[in-house]
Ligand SMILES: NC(=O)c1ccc[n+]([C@@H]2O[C@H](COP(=O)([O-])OP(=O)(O)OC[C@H]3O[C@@H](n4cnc5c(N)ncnc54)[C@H](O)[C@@H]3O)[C@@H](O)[C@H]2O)c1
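One chain comes next, on its own, written out as structure tokens in the form predicted on its own.
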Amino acid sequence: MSDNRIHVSASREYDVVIGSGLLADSGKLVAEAVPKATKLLIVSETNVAPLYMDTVASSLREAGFEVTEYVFEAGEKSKNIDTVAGMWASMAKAGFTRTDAVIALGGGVTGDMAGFAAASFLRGIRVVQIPTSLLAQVDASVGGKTGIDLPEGKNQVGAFHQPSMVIEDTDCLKTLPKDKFTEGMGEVLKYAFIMDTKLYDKLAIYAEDGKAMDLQNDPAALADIVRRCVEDKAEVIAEDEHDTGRRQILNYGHTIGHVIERNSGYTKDHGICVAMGMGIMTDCCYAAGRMDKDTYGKMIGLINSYGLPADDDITPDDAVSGAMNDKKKRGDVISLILVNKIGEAEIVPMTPDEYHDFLTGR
């Protein structure tokens, strides 16, 4: 096991452990993170469990934990209260107490739901995140956002509940289906655009050298990218844990992306919709004269270089009506995240009419 640790300063401080071969040593790491726990619920889904459940469960049992497993049907459509209720029932039947913990083994959907189950069971028990997808490693597993979807919108019900540790085994990225890896690059590009010019430069060089679509097969480059994204997110969380200020910049591409995702019946992956949202915002900023032509070409070009779409046929009417159900809305004001210069994001409050006009001009 080799690892690199990034400390997250929040209401509960914790480490994000990044490295190779960490799943086999997850028992030792979980024992460090939740030393008072005796019982653990591993939450996973039908695509991930066959790959990693035995390894993680065996390591946890060897560390002395009593392990219960809960596996749900993979996909965003499972991200609902019924699935979480199944987790609550599993913990209740196993006799969990407030010193016990949940282990989230999987991608963003798993982490969100397992985190919410932990936040709400017995009014809050510990959770350890073990993200296995690129999207979850660079974004979803860090920061304590948990929740489920409603028919009216994505992540409408949830809680801020920081994990006790995040264990990121970069070996898991080797087994990701290509489309799931590509999806995760949507969130990677987000960090490059909103705050990290060094990350942007690295990604641009990979693209210029024709290596963008082969990044999944470069473990050293991937580990560096994951680490940079986690460091970026940790910096933002330390400043604004509860998403009332600077943390809102992490929603770049998400306001319209969530609506696209919901309108597709969650058949379009989250990272794909974020890329579409970033592309649409880039179009709007350029059309409004906020962005120069060179920046516009670089941003749209980089999105496309990593196999991601930069547009969608969503109408301004649909985008605005969908945003009115967005959890980031404050009263009748939508906090729109714009990037006019690579590495710098701004929070721009808009009324629904202003947002509609902004979208119409693209």
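Everything numeric here is computed off the predicted structure, so don't read it as measured data. From 1 onward, residues are counted along the sequence shown.
Separately, the form predicted together with the named molecule exists; it is not shown, and the next lines address it.
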property	result
Partner contact for residue 276 in the predicted bound form: the named molecule, 4.5 angstroms, heavy atom	no
Contact flag, residue 107 vs the named molecule in the predicted bound form, heavy atom cut 4.5 Å	yes
Residue 135, heavy atom within 4.5 angstroms of the named molecule in the predicted bound form	yes
Interface membership of residue 180, the named molecule in the predicted bound form, 4.5 Å heavy atom rule	yes
Full three-residue contact with the named molecule in the predicted bound form, heavy atom 4.5 Å, for 196, 248 and 336	no
Contact assignment for the named molecule in the predicted bound form, among 31, 51, 67, 300, heavy atom within 4.5 Å	51
Contact residue in the predicted bound form, chosen from 188, 172, 165, 259 - any heavy atom within 4.5 Å of the named molecule	172
Stretch in contact, per heavy atom within 4.5 angstroms of the named molecule in the predicted bound form, of 117-125, 84-92, 69-77, 218-226	69-77
Sequence-ordered residues of 126-157 touching the named molecule in the predicted bound form, heavy atom within 4.5 Å	132, 133, 135, 136, 139, 140, 145, 154, 155
